[in-house]
Every structure is written in C-alpha cells, then in structure tokens.
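We begin with a single chain expressed as structure tokens, specifically the form predicted on its own.
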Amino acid sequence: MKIGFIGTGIMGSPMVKHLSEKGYDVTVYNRTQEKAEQLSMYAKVAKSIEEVSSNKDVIFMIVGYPKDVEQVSLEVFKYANKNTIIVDMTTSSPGLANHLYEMALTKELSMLDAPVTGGEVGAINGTLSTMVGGDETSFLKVKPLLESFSSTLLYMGKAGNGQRTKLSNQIAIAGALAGVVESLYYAQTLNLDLNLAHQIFMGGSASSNQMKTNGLKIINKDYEPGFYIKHFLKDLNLAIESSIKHLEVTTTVRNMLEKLVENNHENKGTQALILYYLDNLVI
C-alpha cells in the first residue's frame, strides 16, 4: 500500500514515523521543505503536492487551518488516482468536511475527516485518540494505518462527525485547562507551595490530564508548545461557529486566548493561558 502524507509538523512527523515502522511505503510533503527532509530516513520526500498525491492508495493530510485544508484538498483532487482514500486529520470545520466529502465523490475519491487528540506526546507514543467521519467502508480499509498511531480509534458516522466529535473534545479541554490555570493562579496569589498543591490535586478529584501535564508546565514556567495557543483558538472558534447553542465557558476561554494572541503569545503552548492572569491581561 502506497501512502502520501502532507504536513510534517509537531503531529505529522511522529505519525509518519509510526507508519514507516509498521512497514508502510510512505512519501511525505511539507510546504517547508526542510521539515519534510528531516523524515528522509523514514519516507520518500516529495517536492510538490502532485508528487505526493499521484499513484497513492491513501493520502493523509494534517495542516493548519480550514483554509489550508480546502486549498490542499483541491490540489490533491487534481492528482489523486480514482478510488484513492484521502484522510484529513486536521481539526477543521464540519461544514467543510461535508463539502469536501461530496466533492470527492464526484471525482470517484473517498474523503474521511479524522481529527486526533492527545497532543505531541500522544503522537510520539502512538497513543492518539482518532475519531472518523465519512464512508465506513473506506474507514475499515484505512483502519490498520490509523491503528499504527492510535490507541483509541472510533468510527463516528457520517461525514463531518469526526470534526464534530473533535470540537466537543476541545470544549472539554477548554473547561479543564481554564480550571487548572485559575486554580494555580489562586494558589500562587496566596503564596502556597505550588508543587505541594499539585501533589494534592493529583491525588484527589481535581486530577486530570490537564492538571498532570499543563499544571506542571505552568509551575515550571514552561510555555513551549505541545499544542499552540493559535491552533486552540482556531478550534474553539470552530466550535462556537458550528454550535446551535451558546457555549458560555468555551466563549470565555476563547476570549482569553484572543487577548493572548493580541499580546504576541500565539506560538506558546496552551498552558500559557496562565499569562492572561500573570501579564495582567484580565479585563
């Protein structure tokens, strides 16, 4: 099985390595050529979307924003062979996922929306959770590929349902992250030992993945990205835009992130939400 893979960033690069280690024939492309070249031990390196898309059985893509998804997909549609399965793993718009699914059908292609959660650590460890929308027959064909980097993998139904599930997931993260940040900010303002407080939190009902990972990063003032603020802001905006109801907590966290982006923190990790408080951005 020949695989094309578009997007070799924080998430894409570990996925490519897992596919290669399972013995799959992978060709990669990234618009920044140097990032693709770093995977030359694991995959062939293409210099164009045409090269990475032609004569492939499956084409994965994990890019930045919905506009990138649309632009790349339209290019892939030009060069992919009939019956190729295209798997978009970007967190994107459910409406766009539906549109691209229908467009792919007219070209005798199959398009799945398959966003992931678990962050950089999950990608590296091969323990991502992957949620898939689209044609179930196509899902079953690519399931072994997805299993190479996923510990939880579920078919969620019609086109767009992968994206809808992912946005639901991001809403849960928004609330959990905001709780961790405000908890540690409160503790810090009262001069508590944050490391001891963190041990207490992790031993009780306040324990969570956000507290475990981002809580420690906040305490250590480590704002390096496992997941960028700018991408989390994009996700929350997509959730708000696609919701039929007002999302109070999500909107509040979205507004906090917008303030951080205005103050040039967009390339920090989501744990840098604490800077909304520490940099006196509270309004």
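Being a predicted model, the structure only gives us computed values, none of them experimental. From 1 onward, residues are counted along the sequence shown.
One more form of this protein should be noted, the form predicted in complex with a small molecule, which is absent from this view; the next part is about it.
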Query raised in the report: Would the small molecule be touched by all three of T8, M11 and R31 in the predicted complex, meaning a heavy atom each within 4.5 Å?
Result: yes
Query raised in the report: Does the small molecule get within 4.5 angstroms of any non-hydrogen atom of D57 in the predicted complex?
Result: no
Query raised in the report: Can any non-hydrogen atom of T165 be found within 4.5 angstroms of the small molecule in the predicted complex?
Result: no
Requested in this report: Give a yes/no on whether V116 approaches the small molecule to within 4.5 Å in the predicted complex, heavy atoms considered.
Outcome: yes
Query - Contact label in the predicted complex: L145 to the small molecule, heavy atom within 4.5 Å - result: no
Query - One stretch from 248-256, 211-219, 229-237, 40-48 that, in the predicted complex, holds residues within 4.5 Å of the small molecule by heavy atom - result: 229-237
Report summary line: Picking from L109, A174, V181, V72, the single residue whose non-hydrogen atoms come within 4.5 angstroms of the small molecule in the predicted complex is V72
